[in-house]
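One chain comes next, on its own, written as C-alpha cells: the form predicted alone.
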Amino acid sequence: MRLGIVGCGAVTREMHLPAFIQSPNIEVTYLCDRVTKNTALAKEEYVLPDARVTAEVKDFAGHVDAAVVAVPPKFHAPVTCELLAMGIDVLCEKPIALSTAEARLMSDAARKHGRILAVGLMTRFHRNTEVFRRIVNDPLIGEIQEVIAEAGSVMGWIMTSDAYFNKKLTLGGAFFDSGVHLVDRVVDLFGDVSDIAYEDDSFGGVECNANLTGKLTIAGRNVPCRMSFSWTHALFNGIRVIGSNGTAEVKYLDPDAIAVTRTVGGEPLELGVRYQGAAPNPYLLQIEDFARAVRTRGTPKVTAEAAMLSLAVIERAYAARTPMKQPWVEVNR
C-alpha cells in the first residue's frame, strides 16, 4: 500500500512512522506538512530516501493509495474530505473531528466516494481489550454496580507546535485530546453515557483537569459512571468495573494485563491475567488493520461511526460544562 502522511509533527515521528517502517505491507511514498522542517526530519530520521515531500495534499493524486491524517483536529475534516474526494482511503487521527456534524460530513464523503475511513483510536488494539470485554460481561464479578475510568499524568509529550493548547486548532485538552481514548473504551464496552455532569478547569482555554459523571445502561439497569482526566498529575489510568461479587480492572498503560479481585472465603483475592511475550505495537496493529481494509475493501476496526459515539459524549459534556472549583485562582467578589 502506497501511503501518504499529512502532518509530520511529533505524533507522526514518535508513534506512526516507527510502526509503518516495520510493516512489509506499507510503503511511505509521500510526506506532507506546511512546516518543511517536519517533513525533512521525518524523511531523515526514518531513512525514507524515496519518499516525496510536499506542502500540498493535492500532490498525493496518483501517487498514494491511502493516507494518514495527523494534523491538528481543526483540519481533520477538511483534509480528510479532500483526500476522500481524490479517491484516497484515510486513517484519521483521533479525535475524528471538532464536532459530530463534521464527523458526519467525513463519513458521508467516504460513502459518496466509495472510500475507507478509519479512525486512530489505537487503544482498541491493546491485547487485553476483548478479554476484558468478556470478563465484564461474565458472571465472574457479578452484577455491575459502577464503572470508573481515569486517564492522567503530568503532561510531558514532545511538542512541535502549540496545537495542544491553541483553541484555534483544537476543541479541548486533557478530556478531548487524550481522554477520548478512555471515553471510547467505555462507550465501546457499555454504550452511550446519559445524565452527564461535567466540570473542568479550562477558564476559556483548554482543560488540564476534568471530571465527568453519568449513567450507563447495562443489562437494562442504570449504572453510575465517573471519569477523571488530568495533564497535571497521575491517576490510575484505566477502567475499573465494580461488580456485586468482585472488581475487574485494566490499566491504560499496561495493555497486556487484567486484574480481577474477588472475595473468596471471606478474603479478597486478586487474580491476575497477563499475556506472555512482547506486547505488539498497537500503532502497527492499527496500520495493518487499515491496510487490510484498504486491500479487501472491508471494514476497519474503528470506523467513523464508532468514533462519533465517544465524540458525542464529549460534545454533550462540553455543553454541560461547569467550572471546577479552584479557590487558589478565584477572586472573591
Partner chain sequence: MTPSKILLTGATGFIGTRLCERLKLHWRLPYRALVRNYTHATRIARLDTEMIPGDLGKVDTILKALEGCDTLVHLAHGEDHLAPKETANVIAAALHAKVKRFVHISSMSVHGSNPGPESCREATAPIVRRDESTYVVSKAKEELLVRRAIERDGLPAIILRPTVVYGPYGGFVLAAIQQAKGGVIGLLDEGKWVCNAVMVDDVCSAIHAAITADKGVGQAFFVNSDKAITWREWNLTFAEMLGQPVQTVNFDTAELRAYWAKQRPTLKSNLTAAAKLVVSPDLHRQFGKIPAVKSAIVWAKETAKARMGEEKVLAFKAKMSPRPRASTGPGVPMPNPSRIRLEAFPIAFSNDLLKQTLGWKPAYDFQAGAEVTRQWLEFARLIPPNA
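Positions refer to the first chain, counted from 1. Owing to the predicted nature of the structure, the values given are computational and were not obtained by experimental measurement.
The discussion below concerns the form predicted together with its partner chain, not included here.
- With the partner left out here, its partner chain still marks one of 113-121, 228-236, 85-93, 215-223 in the predicted bound form; by a 4.5 Å heavy atom cut-off that stretch is 228-236.
- This chain appears without its partner; in the predicted bound form, the one residue of I158, A101, L253, A197 with a heavy atom within 4.5 Å of its partner chain is I158.
- Distance criterion of 4.5 Å from any heavy atom to its partner chain in the predicted bound form singles out D162 from the list D162, D138, E143, E130.
- Heavy atoms of C208 reach within 4.5 Å of its partner chain in the predicted bound form, making it an interface residue.
- Proximity of M15 to its partner chain in the predicted bound form falls outside the 4.5 Å heavy atom cutoff.
- Using a 4.5 angstroms limit between non-hydrogen atoms, D184 is distant from its partner chain in the predicted bound form.
- Among residues of the shown chain, D177 is not one whose heavy atoms approach its partner chain to within 4.5 Å in the predicted bound form.
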